[in-house]
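Same protein, same chain, two forms; see structure 1 and structure 2 below, as structure tokens.
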Structure 1
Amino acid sequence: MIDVIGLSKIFNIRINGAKVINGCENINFSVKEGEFLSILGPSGIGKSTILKCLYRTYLPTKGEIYYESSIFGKVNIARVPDRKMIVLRNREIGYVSQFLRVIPRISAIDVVLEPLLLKNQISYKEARKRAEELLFQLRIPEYLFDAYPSTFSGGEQQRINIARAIIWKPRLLLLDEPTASLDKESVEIVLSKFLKLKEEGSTLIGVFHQEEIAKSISDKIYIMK
């Protein structure tokens, strides 16, 4: 599904003089449809930069990212027009960041169900039912469903973040440290959700610090040095 060839990202910083920072350099890997690839490496080495290039939050400096889209066929994410990239994000590619960024006065349940309303033609009632089931499974207490995520703990916010990303079952899901702020029991639940998503046909690429977590869930591991 994905071929990453010679991917590099350079940042030009112009504060107190010009500086050049290598975000990542000469990254090469392939992922088949339905596989789970984990990216391992120390902090600051560029793991998140790779994901942001795949999602096109960052425009790669060099290299190609060939993606087999169900809508457009084979496209190069490094070069595809912005309008097509927006369609890919809305219809095929999901992203779990390390931080939950939502409108402050939107309830947790509405944050989670929103992608279902935007991407699938279902009623609010049905979308809410699916969101409630998922939040129960992720151990979010029912009394928090209609509360604002900005009041939640870091672990609760991350579970809301994950629920929002997986509820619409994206064709490709990018995961940036999805388990970093979770307790052991929550980690096990979340990993089981990722595996179920994979069994249902999704392809996943995740960034992790813990090698044991990566090995427990991955088909392939890409190690950055």
Structure 2
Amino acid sequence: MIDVIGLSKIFNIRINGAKVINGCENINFSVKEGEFLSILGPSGIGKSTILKCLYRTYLPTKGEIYYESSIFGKVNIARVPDRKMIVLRNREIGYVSQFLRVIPRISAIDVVLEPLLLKNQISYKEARKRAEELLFQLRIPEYLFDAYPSTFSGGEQQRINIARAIIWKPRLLLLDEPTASLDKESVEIVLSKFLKLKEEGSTLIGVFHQEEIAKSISDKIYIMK
């Protein structure tokens, strides 16, 4: 489903004295549909850089990222036009960041259900029902559903973030240390959710710090040095 060939990302900082920062260099890997791949390695080695290139938050400097899309067929994410990437993000590819970036004055439940409305033509009521179910499963107390996430604890915010990413069942889900700010119990719930997504046919690529988490859920592990 994904073929990464010779991917490099070099940051060219042109202000404040020109600097060149190496994000990642000559990365090659493939992931089959329905697989769970984990990428392990120390901080600063370029794990997140790879994920961000796959999501096109970063523009790759070199290399190709071939992705088998169900809408467009085979596309090279490294070079795909912005407009197509937006469609892919709305319909196929999800991303979980390390932290939730809150949007002011949007309630937790609306943050979670928004991608569902973007992808499917379903009513707000139906979307809300599904978001509520998911938040229950992730042990978010009901009185928080209509509150603004900016007031939540770090762990609660991160569970909102994860709920937002998995509710619409993306074909490909990219995980950037999704469990870093969660307690043990939440980690287990969240991991079971990821595995359920995989059972339903999604492909997942995750970056993790803890080896034991990666081992417990992945089909394949790449270690970066």
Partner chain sequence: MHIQPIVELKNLTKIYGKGCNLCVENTGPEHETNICVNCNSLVACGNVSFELYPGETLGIVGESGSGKSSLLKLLNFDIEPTLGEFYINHEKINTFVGNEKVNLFNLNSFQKRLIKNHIIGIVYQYPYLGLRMKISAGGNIAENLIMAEWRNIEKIRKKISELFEKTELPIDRMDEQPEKFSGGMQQRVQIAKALSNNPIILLLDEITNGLDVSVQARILDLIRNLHWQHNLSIIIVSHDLSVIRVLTQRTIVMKYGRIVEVGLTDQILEDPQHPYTQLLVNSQL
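Numbers follow structure 1, counted from its first residue as 1. If you superpose the two forms and keep the largest set of C-alpha atoms that fall within 1.5 Å, you have the rigid core. Everything numeric in this text was worked out from a predicted model, so none of it was measured. Only residues modelled in both forms are compared.
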Looking at the two shown chains, say which is the form predicted on its own.
-> 1
Does the C-alpha of I15 move 2 Å or more between the two structures once the rigid core is lined up?
-> yes
Which stretches of at least three consecutive residues shift by 2 Å or more at every Cα between the two structures, once the core is superposed?
-> 14-16
